[in-house]
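To begin, one chain is listed below as structure tokens, in the form predicted on its own.
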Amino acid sequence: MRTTYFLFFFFITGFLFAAEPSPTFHRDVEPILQRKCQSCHRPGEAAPFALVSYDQARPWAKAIRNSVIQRKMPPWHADPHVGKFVNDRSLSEAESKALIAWVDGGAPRGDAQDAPKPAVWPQGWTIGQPDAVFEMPGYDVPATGIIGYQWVKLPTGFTEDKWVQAVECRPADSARPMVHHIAAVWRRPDSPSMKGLAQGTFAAKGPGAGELGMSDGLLADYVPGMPGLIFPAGKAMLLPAGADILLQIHYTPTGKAVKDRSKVGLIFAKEPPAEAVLNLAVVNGRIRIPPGDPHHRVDAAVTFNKPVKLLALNPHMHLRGKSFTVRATLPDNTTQRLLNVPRYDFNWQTTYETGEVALPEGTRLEASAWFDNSPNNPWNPDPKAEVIFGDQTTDEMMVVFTHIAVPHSFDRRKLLRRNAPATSSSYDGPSKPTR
């Protein structure tokens, strides 16, 4: 009798395990690709191939499996135990297992009736159709060589202040592989920077040239895979009347000469917002990284003079960047960890959208970055060099760009406490002239 019972138990257990269906593309994989991959892996976007259909995804099955196991894709580098982000595109454990099992099971198509409705993606702009588009004249990107940062002025012609609800930078489709990044900044009409730059003309900034500065305001960035900015309802960014837009563009030739016509699209708020969105850079410009140092730390901080709402964090370093953390020390001396990037990747510049994190008056926003200037860093241009702050990727930067919200009537000159040290550096070795 006992033997009969065990045989029956093993028969039922085996039947249940065998009855569990293997993942198929349409039922299990396609929904994951829509949620986590197709924002980039679709025609006209940054990824080198599309993952919209089975026929597009099947040839890349093994590559998908390897990327999932190695956690290379989707690109998301934040520590899952620190902070919460509304744009988190990392895979859950269940999603990872489903993708791996699909490939291991032969990557079957499955029943087309199990497929989700096709995702509807905006065409041309991730923010939707802009109210205003500013496009630069054609720039001929050579096939080879090192190109200094290009700056081009795009006058807006606005005769009144504009509140920007959404903004996006986009290179020309043909030039997308050559555009390393775009930074769109606005400059007031009487700004001395680029004073002699005529409309639509380019000015090269080669190695050793200092950053123009973004004190008047950063509108948006572009790096491969980064969508446009859409601010929450009731929040918008001010673009003053008469302001010029300046594009800073970094080209990296790939062996084919192309013409670029990068552009900026703006969507305006229907009415003045309750809160203004400001872009604040927490930066240490006194970087001096010793030759060969595998774990050099640099710190930066600001103290808020008023309550603010933190909306987003974007840490930025170059090829020696190793890891990055951001935290808030509150007025009661408690510490709130906001972001931890244990393995920084220069090739993926990510804006981590925090939602609305309320930071009271007197909060000190602190950032720490670590750099690997040793020969063990495969991206290191020169382990024997002392590295200082600079524009080029062979230099370094230590900055976290933030989006914060304050009442739009607030005097921005009173945002930060002036009696608090803003930056510090942990290196006291030999110095070089600053640029």
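Just so we're on the same page, rigid core means the largest C-alpha set that superposes within 1.5 Å between forms. Note that residue numbering begins at 1 and tracks the sequence as displayed. From a predicted model like this one, the values you see are computed outputs, not experimental measurements.
What follows is about the form predicted together with a small molecule, which we do not show.
- Only one segment in the set 362 to 370, 56 to 64, 394 to 402, 378 to 386 has any non-hydrogen atom within 4.5 angstroms of the small molecule in the predicted complex, and it is 56 to 64.
- The small molecule is not drawn, but in the predicted complex it has no heavy atom within 4.5 Å of residue 97.
- A residue is said to contact a partner when one of its heavy atoms sits within 4.5 Å of a partner heavy atom; residue 125 fails this definition for the small molecule in the predicted complex, lying far away.
- At the 4.5 Å threshold, heavy atoms of residue 348 reach the small molecule in the predicted complex.
- Taking non-hydrogen atoms only, residue 374 never approaches the small molecule to within 4.5 angstroms in the predicted complex.
- The contact with the small molecule in the predicted complex, taken as any heavy atom within 4.5 Å, belongs to 74 out of 273, 74, 171, 83.
- Residue displacement note: residue 335 has its CA displaced by under 2 Å between the shown form and the other one (rigid core superposed).
- Here's the thing about residue 252 and residue 288: their CA atoms end up at least 3 Å farther apart in the predicted complex than they are in this form.
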